[in-house]
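First, one chain by itself: the form predicted on its own, in structure tokens.
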């Protein structure tokens, strides 16, 4: 493990150890480990991938008033402050800038295989059993309802409408989480996403059945 990675791990552990919305240190650690696994399988630069995975939430727009540029700038400045070369800091900042999901109708292309690995790793942690738990942790932190049968989800056409959305947590599955399997950038990410996607579908069928309805906005079981 390089010194830069060790310093980043210590800093992110200290910064996010008490975070309660599902974006805590353990989320970062899972993304770091998944990103490394994908990078090794896909032939990416492992060090750059790990650094970007560790710093991908350093100043996330969800917690800083919606500023999408704060994270990349913070990642770049932090790396420079601990002795990283300028090209490494810029590569990581570019990746951090490309991780965020911006709405069902918004494409989120990547400029490098390393960015693809980190984006996939972050999205893998948003689906499956852990993804279900994180969705409700985040919804609770924002005071959102679990579910409102009269409030249908929307497939947001732009980032602004996605960011300002205040719908129930169940809506988030249809607005983002169920879409992620088909938006993985790497073959490794797609393979890892398949079982997690299936788990979410099973969870939703059980949730709706226990609620007493047999549909998901018009789709029969």
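Positions refer to the first chain, counted from 1. A quick note: this is a predicted structure, and the numbers were derived from the prediction, not measured.
Although it is not shown, the form predicted together with a small molecule is what the next lines describe.
- in the predicted complex, do 56, 138 and 176 all put a heavy atom within 4.5 Å of the small molecule? Checking in the predicted complex: 56, 138 and 176 are all within 4.5 Å of the small molecule.
- Task: Decide whether residue 94 counts as a contact residue for the small molecule in the predicted complex under a heavy atom distance cut-off of 4.5 Å.
- Result: Residue 94 lies outside the contact set for the small molecule.
- Message: Since only the chain is shown here, I'm wondering whether residue 23 would be in contact with the small molecule in the predicted complex (any heavy atom pair within 4.5 Å).
- Response: Because a heavy atom of residue 23 falls inside 4.5 Å of the small molecule in the predicted complex, the answer is yes.
- Though only this chain appears here, would residue 84 touch the small molecule in the predicted complex if you measure heavy atom gaps against 4.5 Å? Looking in the predicted complex, residue contacts with the small molecule do not include residue 84, since no heavy atom lies within 4.5 Å.
- With the cut-off set at 4.5 Å between non-hydrogen atoms, does residue 60 touch the small molecule in the predicted complex? Result yes; residue 60 sits at the interface with the small molecule in the predicted complex.
- Could you work out which of 45, 161, 169, 33 is the residue within 4.5 angstroms of the small molecule in the predicted complex, going by heavy atoms? It is 169 that has a heavy atom within 4.5 Å of the partner.
- Task: Tell me the stretch among 146-154, 73-81, 118-126, 86-94 that has any heavy atom within 4.5 angstroms of the small molecule in the predicted complex.
- Result: Within 4.5 Å of the partner lies stretch 118-126.
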